[in-house]
Ligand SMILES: NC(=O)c1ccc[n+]([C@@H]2O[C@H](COP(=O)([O-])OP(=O)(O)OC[C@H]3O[C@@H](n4cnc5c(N)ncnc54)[C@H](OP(=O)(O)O)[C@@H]3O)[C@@H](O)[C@H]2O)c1
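Single chain ahead, by itself, as structure tokens, in the form predicted on its own.
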């Protein structure tokens, strides 16, 4: 499959490396100069591309940039991209980092991004930590395989997203339409809690609308007060505990 990835941060770079290793043709872009981008791309087994070229001649486009970065993308970046191309988003909104954004209130994060891009999107790979994605993938059917949830309105596009998730070493759970994607946003029981498929289904169902932002902010504040910064295990434990209502 031909895949373009916009962003080579923690998640984007790991996806590029894993999906390239799985036999896909991957090209990447970021905001660095082309010489630096080529070095990064080579280390990921991918091709370096400009922001204009990364969306050309691909079947899947994965946006993996900070949430606030969407407003700085070139206008009509997808205007010449076929409607058949699958658009995926891995981002999460954090007010302390992204600031207050006009137009977000009353929408899920993914609905907001879909409006900015002017295209339907699939929400995926947003509720998995970098360490988890890099190191905890397992073969299909292996015991203890962690699951990732997928939200979107196009069932065919979600099926392709699930195939890519499988290639990275994880199971998938269908989280429903994009309007329900709040169930996998930061602060929910499904967010970065390393659950198997059955557990993740329960976590998505258990999410209570409107509660996640306060839990998200509590978790960030707790992480910032760790000294040193929390380990991966501490991050997962904190996410699980806070999502369960233990805000102490």
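None of the values given here were measured: they were computed from a predicted structure. Numbering follows the first chain given and starts at 1.
The form predicted together with this ligand exists for this protein as well; it is not shown, and the discussion that follows is about that form.
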Quick one: from 130, 115, 163, 153, grab the residue that has a heavy atom within 4.5 Å of this ligand in the predicted bound form. 130
Students should find that, of 167, 92, 108, 172, the residue having a non-hydrogen atom no more than 4.5 angstroms from this ligand in the predicted bound form is 92
Only one of 176-184, 62-70, 216-224, 202-210 sits within 4.5 Å of this ligand in the predicted bound form by heavy atom distance, namely 62-70
At the 4.5 Å heavy atom threshold, is residue 75 in contact with this ligand in the predicted bound form? no
So, in the predicted bound form, is residue 31 in contact with this ligand at a 4.5 angstroms heavy atom limit? yes
This ligand contact at residue 22 in the predicted bound form, heavy atom, 4.5 Å: no
Taking any heavy atom pair closer than or equal to 4.5 Å as contact, tell me whether residue 9 reaches this ligand in the predicted bound form. yes
